[in-house]
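Just the one chain here, the form predicted on its own, laid out as C-alpha cells.
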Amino acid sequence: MRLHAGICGSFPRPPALRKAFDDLSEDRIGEGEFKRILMECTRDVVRLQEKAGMTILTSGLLLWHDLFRPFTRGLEGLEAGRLIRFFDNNFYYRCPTIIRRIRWRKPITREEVQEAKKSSRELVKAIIPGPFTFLKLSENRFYASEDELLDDLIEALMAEVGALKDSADLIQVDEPSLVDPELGRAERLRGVDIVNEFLSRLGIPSDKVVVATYFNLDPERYATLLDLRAGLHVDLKSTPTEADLALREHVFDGPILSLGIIDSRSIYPEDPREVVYRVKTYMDSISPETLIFSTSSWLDYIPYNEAVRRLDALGRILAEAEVRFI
C-alpha cells in the first residue's frame, strides 16, 4: 500500500493575495500586476504544502471563489446567479445559471495546475466540479431536457480534463451531492450512475481519478459510493460516529482511498498518533493500492494561519503512518 498526504482542495488566500484583490478592485494595481502576485502566491502555497510533507499537492485554488465560479466564467452558456448557502456551512456560492447551450471554449484551470507542477517535484492534483453536483446546485433556464443538459455538461467537463491530462498526476472530481442528506437514496443512486458515465468517457485509468465527497457520510451513503469506478475521498469528521461505522461495515477495495481525517472546519488540534491508530483499526475493511491522509473538505472555512497548522498536522500523520504501517 502506498501512503500519501495532501489537502482535499483549496487553501485560504495568503494575506498578500487578499491585499492584491483589494488593490485591483480600487484600481491601485492592474491586471498584469495582479496576475504576477497570484502566481507568486500559488508558488508559495505549493511550497508550504511541500515543506509540511505533502506528497500530493494542489495549486491552492486561490482564484476560486467557490467550487463552480471558474467554470461559470469559463464555460459558454453560464452566468453567476444568486448567492446560496453551500450545504450546511456559513459559506455561500454563486449559483451557476444556465442561459444558453453549455460549451467548453478553452482551458479553465490548466494554467494554475501547470504553475503548481513547475513549483514542486511532488504529485499534483487538479480539481473539477462533478456533473451530478453541478446539475443539482445549478439553475437551468435553457434546456428542455435534463438529459440534453447532462450531455453538454459532461462534454464540457471532459474537455477540461483533456486539457489537464499532461499537467496533472491526479484528477479530483468533487461530488458532495452524492452524500447530500436532503436527496433520497434513489436520486443519489442516479447520481452514481451519472458520475460513472462521466468517468467511463474520460479515458483515464481509475487509479488516476478520485471522486471527492464531503460533509456527510453514513453506512448507507458510503455503500452507494462503493459502486463508483474510481478512487474515493470521504469526510470522516463531519459525522464521525456514522463515518466510523461506514468504514467498518463495508469493504473498500478500490484503487485509491482518501480519508478526510483532519477537520477542515475546525481549528481543534489533532494528535497524529491517535489519528494513525484510528486508521489502523480500519485495515480489516480497506485495502486500497493508495491510501491518502487528507483534510475532510476544502480549507476555505478556517483562517490562513490555522490552515498552515493543518498542513503540519497532516505531515506529521503521514510520517507517523510510514513508521506504524511498515
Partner chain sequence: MSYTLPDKLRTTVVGSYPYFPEAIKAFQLRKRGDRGPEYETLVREATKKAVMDYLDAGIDILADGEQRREDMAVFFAEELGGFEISEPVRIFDNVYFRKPVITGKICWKHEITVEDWRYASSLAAGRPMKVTLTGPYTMFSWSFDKFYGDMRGVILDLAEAYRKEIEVLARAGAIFIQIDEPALSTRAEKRDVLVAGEAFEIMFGGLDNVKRITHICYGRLERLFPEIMDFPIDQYDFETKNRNYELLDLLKEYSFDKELALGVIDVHNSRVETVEEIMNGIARGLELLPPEKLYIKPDCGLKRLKRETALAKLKNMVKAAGRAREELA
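What you see is a predicted model; the values in this text were computed from it and never measured. Residue numbers count along the first chain shown, from 1.
Below, we refer to the form predicted in complex with its partner chain, which is not included among the displayed structures.
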statement: Counting only non-hydrogen atoms, the one stretch of 81-89, 128-136, 115-123, 184-192 within 4.5 angstroms of its partner chain in the model of the complex is 81-89
query: Is there any non-hydrogen atom of residue 300 lying within 4.5 Å of its partner chain in the model of the complex?
result: yes
message: I'd like to know whether residue 280 contacts its partner chain in the model of the complex, with contact meaning heavy atoms within 4.5 angstroms.
response: no
- prompt: Any of the heavy atoms of residue 30 lying within 4.5 Å of its partner chain in the model of the complex?
  reply: no
- prompt: So in the model of the complex, does residue 13 come within 4.5 Å of its partner chain, heavy atom to heavy atom?
  reply: yes
- prompt: Considering its partner chain in the model of the complex, which of 273, 69, 36, 51 comes within 4.5 Å of it through any heavy atom?
  reply: 69
Sole residue of 208, 94, 73, 103 within 4.5 Å of its partner chain in the model of the complex, by heavy atom: 94
- prompt: in the model of the complex, which residues of 5-23 put a heavy atom within 4.5 Å of its partner chain?
  reply: 13, 18, 21, 22
